[in-house]
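Shown here is one chain on its own, the form predicted on its own, set out as structure tokens.
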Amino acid sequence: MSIPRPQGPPGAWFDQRFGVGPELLRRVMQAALHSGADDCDLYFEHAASTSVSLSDHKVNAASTRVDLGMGVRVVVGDQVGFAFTEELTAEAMIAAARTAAEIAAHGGQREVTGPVAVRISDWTPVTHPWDRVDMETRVAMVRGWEQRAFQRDPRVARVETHLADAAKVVMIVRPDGRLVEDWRPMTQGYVLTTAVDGDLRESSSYNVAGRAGLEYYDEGRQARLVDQAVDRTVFLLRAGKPPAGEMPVVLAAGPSAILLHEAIGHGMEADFNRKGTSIYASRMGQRIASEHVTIVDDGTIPGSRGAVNVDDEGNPGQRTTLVEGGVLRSYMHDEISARHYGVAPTGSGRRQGFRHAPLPRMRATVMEPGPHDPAEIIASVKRGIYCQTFSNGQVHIGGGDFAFYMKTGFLIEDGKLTMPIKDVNVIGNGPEALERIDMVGNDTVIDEGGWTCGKDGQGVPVSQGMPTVRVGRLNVGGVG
């Protein structure tokens, strides 16, 4: 089951199906503002998802899920009152609005203007939506992935495959008259393989994800999905551990951007800076990296998992330059932080769903290309490591200290990739690592994986990307 793209005018989806029309919207907003408040928003969501999983040559799970509800946020200064309801009745929505309004006893007065639809951009083009795809087609896809994986390498002993798709219609209504309706598709394909060679047994996976329909899974992407999962797994069978110590680290284009996202990106979300907990809180306009480093957070990459037509406060998705030529230029702002800093929102107010209030969040955090050839970067390292993929990590937002677990990579000796390596801790400090980037490749890759960013108990889909870069030195936990 999936929700089709709405065909009527903005607002018609919830009006025609659930009786949520202009007059009811006005009443709910008036309830939210009845005690006085600076602002409020209503966030409606109707979502559906389908998934199918296969292992041991059998479809072992298939499911559909539908969700519906409305969240109401009331804002007084930096304080937020929030409530939600899973029933779209007038009584339930007005009760939720009055609950959220309890924070606003000493706020200002805000008038309610009748909602008027706002036109938005479409960064999520879909040519073959999932509501037109039957379960047989989905099952045939995951079976095909399994068959290709077994054929790829005789050491593959077990394969798990998974295909998921989802779509939601959201409506955001504001007392200034804005009414925004957005259709948000999503899909993810996943392959996990286990390989055995004598007494050695290893498992690894690969996944792809985007805001797209069935057309996303063209022949090339399906082949890459399976082949990368198998190749990463058999790579682990021959990989070892590098020497431990402080050394230059080369981060591969694409997947290494998880370090950019976690160790640097979170520190540029405006709420951490407004509260003074980010190390970047006092560094606006200052140099924080070499002149080769430019970092953007972009909600306008068509079809990317982090694409945002409109954020969850009703502001247009956009491209925000965070670091330009090494100089910190902007944070990622929701409306609360934008008012605090006296700037415009950056379309970064995001929430997991109607049960959550929005926060400043990343969309697609990307380091732009630099002047160096990737081969030149590797050749510049006498002794170090080349990181290809990471599996997880821990970051302290305030200080920026991080520890990441590199899953696959190579030892670099005399400017050449030599021994395959695996399961290595890379330890450092995000701001220091950013300052130590001394070479930036010309090969930026937007990673196609299904990344989900967690913050304050909420998960939102994101993308990330970077070119090959050299960090002058980081601590590598290998063999002592």
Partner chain sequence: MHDGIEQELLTLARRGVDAATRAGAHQAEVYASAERVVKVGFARNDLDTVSTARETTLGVRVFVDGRLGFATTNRAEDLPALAAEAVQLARSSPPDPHNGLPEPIDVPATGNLVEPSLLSLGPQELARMGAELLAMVRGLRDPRVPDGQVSVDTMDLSLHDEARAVASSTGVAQAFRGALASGGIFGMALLDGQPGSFSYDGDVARHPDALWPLLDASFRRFATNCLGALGAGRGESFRGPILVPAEVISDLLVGHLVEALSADAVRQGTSPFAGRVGQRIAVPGFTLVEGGAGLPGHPLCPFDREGLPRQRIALVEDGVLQGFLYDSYEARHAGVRSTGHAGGGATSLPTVSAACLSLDPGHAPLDELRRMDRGIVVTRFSGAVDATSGDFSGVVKGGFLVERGEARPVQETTLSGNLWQALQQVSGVSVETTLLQGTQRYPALRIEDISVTAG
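Note that the structure is predicted; figures quoted are calculated from it, not measured. Positions refer to the first chain, counted from 1.
Note that the form predicted together with its partner chain isn't included here; everything after this is about it.
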Would you say all of Glu86, Glu102 and His396 touch its partner chain in the predicted complex, counting a heavy atom within 4.5 Å as a touch? yes
Among the candidate stretches 338-346, 274-282, 314-322, 123-131, which one is within 4.5 Å of its partner chain in the predicted complex when only heavy atoms are counted? 274-282
From the list Glu291, Asp78, Asp373, Glu91, which entry has a heavy atom within 4.5 Å of its partner chain in the predicted complex? Asp78
May I ask you to state whether Ile427 is within 4.5 Å of its partner chain in the predicted complex, using heavy atom distances? yes
Does Ala433 reach its partner chain in the predicted complex if we count a contact as any heavy atom within 4.5 Å? no
With a 4.5 Å heavy atom cut-off, would you call Tyr206 a contact of its partner chain in the predicted complex? no
Hey, in the predicted complex, does Thr64 get a heavy atom within 4.5 angstroms of its partner chain? yes
Heavy atom within 4.5 Å of its partner chain in the predicted complex - qualifying residues of 353-375: Phe354, Arg355
